[in-house]
Ligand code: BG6
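Let's start with one chain on its own, the form predicted alone, as structure tokens.
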Amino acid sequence: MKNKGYAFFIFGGSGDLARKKIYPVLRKLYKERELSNLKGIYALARDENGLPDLIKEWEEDFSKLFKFIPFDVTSNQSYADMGKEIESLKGVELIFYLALPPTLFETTIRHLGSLLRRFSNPRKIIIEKPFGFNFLSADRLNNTLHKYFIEDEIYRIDHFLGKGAVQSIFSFRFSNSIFEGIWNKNFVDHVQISALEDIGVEGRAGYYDRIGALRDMVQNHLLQILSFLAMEPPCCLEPERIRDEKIKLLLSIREIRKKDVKNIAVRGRYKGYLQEEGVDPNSKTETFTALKLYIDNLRWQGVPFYLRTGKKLNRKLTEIVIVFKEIPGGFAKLLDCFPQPNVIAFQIAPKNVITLKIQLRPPAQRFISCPVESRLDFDMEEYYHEKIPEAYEMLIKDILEGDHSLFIRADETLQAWKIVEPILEAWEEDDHIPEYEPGSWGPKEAMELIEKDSRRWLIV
């Protein structure tokens, strides 16, 4: 059947994600004439929760495409009502967006899959993270999806992969021989990936207290960044070949044994977390985690990758820092100098900046002088004189075009859970969670994790 346009069905259609991210992106794309074939936006939710006020701000032609449908994801009648809408969309591609709490994913997929057996429309399904709570639940969720959808119809979304600076890693490495040539254990001393927040749970305690920092950030966002940063060059720029290399990288991460967790991973909780509204007073949930990983392949053997993330820290910052080895022979040490290592950093938030730190002789000093640290900052928005598209804008465009390059495949989700699950199991058996002061850099144990290797956390 010929595709006659597309329609969005947003489950959780009056929630924060829909109101703050999805609808603004769809409206922007529509205004820019990139959604000329849009046939409708259907908001499926129990109540309208501020949607009427939001719609008043929209242009008339866009608001005419919008329809709210009272909806209970566990109710057969709700799906019957949605089926009546689908009957009027002959040949239209149906895009189902699960902007729901993850506990509702499976029941929604089962009901939706059963309904869609009546229709021959092309379809796509978008699923937010977290994808599962552990390996077994993620495997079960994949199996449920595959009962009703083929893998090409499934888009497991990670909005970090829609960020311009993350995507720039790919072209930075593989389009510039001067960098790809040093992107290995012969030149790189270690790598740091940080995703720091200066706020607490901010009304999300009901969700966050069941998940914690490791599940919320490391299992998906940070491991996805790591895979882009360290993967091998794909044979070609086809989505599946790119995803092949990402899974190879995840499979190469050294297995974590539960008995070794105390040596490679730490957790913490900011003071006052247990008093947050909606938090279980007996909670064992961490709001900070840091860990050290190794990639056992020819390129990265022996190079430590340090990951950290947390809430209520000193500042909001998401950054990748590649720290290079000292010059063999120690040229600067011959002058009794103490140079800093060369660094390449990708700031992902709050700005999109690539920074190169090098050592140079000060121009006004004598020929034989100690070099000092100098930096080159490449601000992508300033250089290109244009605002980098919001992450969801990039990803929704890719979904419309059927490009899976920045979406997570089933085997990736399972391998990511395999990596972190021994840590989760070890922490379940240990009640001790170090506390840290709000506004600090996290628990002292996080500093000790990297300092015992004669290194330190860096902010570039």
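Just so you know, these numbers come straight off a predicted model, no measurement behind them. Note that residue numbering begins at 1 and tracks the sequence as displayed.
Absent from the display: the form predicted together with 6-O-phosphono-beta-D-glucopyranose (BG6). The rest refers to it.
Colleague: Is the gap between Tyr207 and 6-O-phosphono-beta-D-glucopyranose (BG6) in the model of the complex 4.5 Å or less for some heavy atom pair?
Modeller: Although 6-O-phosphono-beta-D-glucopyranose (BG6) is absent here, Tyr207 would touch it in the model of the complex, with heavy atoms inside 4.5 Å.
Colleague: For His221, is any heavy atom within 4.5 Å of 6-O-phosphono-beta-D-glucopyranose (BG6) in the model of the complex, or not?
Modeller: Contact check for His221: yes, within 4.5 Å of 6-O-phosphono-beta-D-glucopyranose (BG6) in the model of the complex.
Colleague: Using the partner position in the model of the complex, report whether Arg269 sits within 4.5 Å of 6-O-phosphono-beta-D-glucopyranose (BG6), counting heavy atoms only.
Modeller: Arg269: no contact with 6-O-phosphono-beta-D-glucopyranose (BG6) in the model of the complex.
Colleague: Check Lys351 for me: does it contact 6-O-phosphono-beta-D-glucopyranose (BG6) in the model of the complex (non-hydrogen atoms, 4.5 angstroms)?
Modeller: It does not: once 6-O-phosphono-beta-D-glucopyranose (BG6) is placed as it appears in the model of the complex, Lys351 has no heavy atom within 4.5 Å of it.
Colleague: In the model of the complex, which of 269-277, 247-255, 159-167, 78-86 comes within 4.5 Å of 6-O-phosphono-beta-D-glucopyranose (BG6) (heavy atoms)?
Modeller: Going by heavy atoms within 4.5 Å, the stretch is 159-167.
Colleague: Could you tell me which one of Ile322, Met217, Leu145, Ile127 places a heavy atom within 4.5 Å of 6-O-phosphono-beta-D-glucopyranose (BG6) in the model of the complex?
Modeller: Of the listed residues, the single hit is Met217.
Colleague: Since exactly one of Arg243, Arg123, Arg308, Lys311 fits, which has a heavy atom within 4.5 Å of 6-O-phosphono-beta-D-glucopyranose (BG6) in the model of the complex?
Modeller: Exactly one residue meets the criterion: Lys311.
Colleague: Could you list which residues of 102-117 come within 4.5 Å of 6-O-phosphono-beta-D-glucopyranose (BG6) in the model of the complex, counting heavy atoms only?
Modeller: The stretch 102-117, when checked against 6-O-phosphono-beta-D-glucopyranose (BG6) in the model of the complex, contributes no residue at the 4.5 Å heavy-atom cut-off.
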